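Single chain ahead, by itself, as structure tokens, in the form predicted alone.
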């Protein structure tokens, strides 16, 4: 299995890091320029620390990277966190970065694409962008934790969201206690 993980410039870097740590198989990582600026504000990790979790790392400006082509096979892509700007670009079909191009490839090749949106409240524009993408088969996974598992820490909340992403990929995990 081969997965693309993109971390964009929204609050919630920990979601992308947790998902990257939990995915089996080959992990391809792209970190946007804004995410690189946010990382030291939200984590104790460096950009390099996060890149070390991946098998392959591409620069977001590298539109010649193999994942920018539909002929390169990957199983799914997760954008976590997904900024409202990235959401808008993907919804509009703009492919001006590797992240937005890889997302466009996922959509056109009917591959699983999960956007972990974190913005709240949402404007009508954001909701319309999400609806448009959902109609194209994209999974919109708001970073809204469930509390039936009785989280005791921030890590428990992060694990819940990461677990919900893995659920969408049909991957077994023990990141949170499922509803019984």
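Because the structure is predicted, anything quoted here is derived from the model rather than measured. Numbering follows the first chain given and starts at 1.
Another form, the form predicted together with a small molecule, is not on view; read the next lines as being about it.
- Mapping the unseen interface onto this chain, residue 10 counts among the residues with a heavy atom inside 4.5 Å of the small molecule in the predicted complex.
- Looking at residue 85, you'd find a heavy atom of it within 4.5 angstroms of the small molecule in the predicted complex.
- In the predicted complex, residue 111 stays away from the small molecule, with no heavy atom inside 4.5 Å.
- Although the partner is absent here, residue 38 sits close enough that one of its heavy atoms falls within 4.5 Å of the small molecule in the predicted complex.
- Screening 45, 134, 56, 34 for any heavy atom within 4.5 Å of the small molecule in the predicted complex leaves a single hit, 34.
- With the partner omitted here, the stretch from 62-70, 142-150, 116-124, 46-54 that lies within 4.5 Å of the small molecule by heavy atoms in the predicted complex is 116-124.
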